[in-house]
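One chain comes next, on its own, written as C-alpha cells: the form predicted alone.
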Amino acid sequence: MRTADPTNGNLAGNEQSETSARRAIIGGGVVGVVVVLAVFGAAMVPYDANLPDFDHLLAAPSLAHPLGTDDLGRDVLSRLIVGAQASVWVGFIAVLTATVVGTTAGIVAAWLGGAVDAVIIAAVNIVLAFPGLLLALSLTVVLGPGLGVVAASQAIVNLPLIVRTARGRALLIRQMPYVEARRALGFSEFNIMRRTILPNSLAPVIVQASLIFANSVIAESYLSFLGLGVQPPTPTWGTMLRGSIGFLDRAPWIATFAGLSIFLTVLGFNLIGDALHDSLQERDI
C-alpha cells in the first residue's frame, strides 16, 4: 500500500510561490520603469518630443537617436517616454474610479440585498450588454476625444467587473461566523460593512484592478490609433503607431518600439495580476 508523501505538496507549494515571486518581480520591474517614466519623463527626455528636425527625417537608430526618428525628425525615444504619461494616467484614473465606485456598489448590493441589489445588478447588466470596445468608441465619439474622456470610458467599461467581484466576495463573507459574532456584540451594520466586509473583499478586487490597468493601456492605444484618444501634438503610443503606417518599409523602428512599449507594459501588469491571484487564492477569508 502506497502512502502519500506530504513533502510533495510542500514542494509544489514552494515551487508555485517561487513562480509567483518571479512574476511579481518581473512585472513590478517593468511597471516601475513605466511609472517612473510617466512621472519624471518630462525631465528625462533627451530631446523635445514635439520638435521637428528636418535634417534627420526617418533616421535609423544611432548614438544621437538611440531609437531613431520619425517622419518629422522627432526623436522616437523622447516621444515614447512622454507617451507613457498618457497610458499611465488613463489606467490610473480608470482603475481608481472603477475600484472605488464598483467596490462600494458591490458591497452595498450584497449587504442590503432586495431592491437595492436588483437595481445595481440591472445597471451592471445594461453596461455589460454593450461590447466594451463599442461602448468606449461611442463615449469618445459623443463626448469628444481627449485623455479625460478615454479614462472615463474605461472606468465605465470596467466598472461592472469590479461590482460583480466585490458583490460575490461580500456575499460569501457575510455568511462567515465572525460577521455574526460582530453583530451579536452590538456593532452597527455600517461598522460591520466598513470594518469587516470591505477589508476582506479587497483581495480579489486588487487582482481585477491590475488587469483593468492593462486593459486601459490597450484601450488608450487603440483609441489614439483611431484618432479618438489623446490628440496631436501630444505623443502617445497609439498615435505613434498610427503615424508609422506609411513608413513601415522605410522606418520600421517607429512601429516596433511603440508596439513593444504597449506589449511590455501590458505584460507587466498581467504578471502582477497573476502573481497576486496566485498568492491570494489560498488565503482564508
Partner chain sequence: MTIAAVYRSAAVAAALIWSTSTFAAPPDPDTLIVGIASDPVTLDPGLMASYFEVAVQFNVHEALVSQRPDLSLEPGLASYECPDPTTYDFKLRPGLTFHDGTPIDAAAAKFNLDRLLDPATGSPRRPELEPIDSVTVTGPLTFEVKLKHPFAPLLQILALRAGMLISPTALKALGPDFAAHAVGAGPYKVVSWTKNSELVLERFDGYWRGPAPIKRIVFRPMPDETVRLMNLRSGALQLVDSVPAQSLSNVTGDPTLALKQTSGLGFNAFSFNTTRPPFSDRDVRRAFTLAVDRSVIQHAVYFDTATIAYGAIPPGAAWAYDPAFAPLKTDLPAARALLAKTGLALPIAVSLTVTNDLAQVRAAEILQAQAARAGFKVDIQRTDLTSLITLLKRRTFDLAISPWSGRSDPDGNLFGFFTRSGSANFSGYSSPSVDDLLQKGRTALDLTTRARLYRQAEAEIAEDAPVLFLAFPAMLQAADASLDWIQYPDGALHLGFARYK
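Nothing here was measured: the structure is a model prediction, and the numbers come from that model. Positions refer to the first chain, counted from 1.
In what follows, reference is made to the form predicted in complex with the partner chain, a form of this protein that is not presented.
When the partner chain is considered in the model of the complex, only one residue from 64, 60, 36, 42 comes within 4.5 Å through any heavy atom, namely 60. At the 4.5 Å threshold, heavy atoms of residue 46 stay clear of the partner chain in the model of the complex, well away from it.
Residue contact with the partner chain in the model of the complex: residue 228 places a heavy atom within 4.5 Å of it.
Among residues of the shown chain, residue 74 is one whose heavy atoms approach the partner chain to within 4.5 Å in the model of the complex. Of the heavy atoms in residue 204, none are within 4.5 Å of the partner chain in the model of the complex. If you take 238-261 and check each residue for a heavy atom within 4.5 Å of the partner chain in the model of the complex, you get 239, 242, 243, 245, 246, 247, 249, 250, 252, 253, 256, 257, in sequence order.
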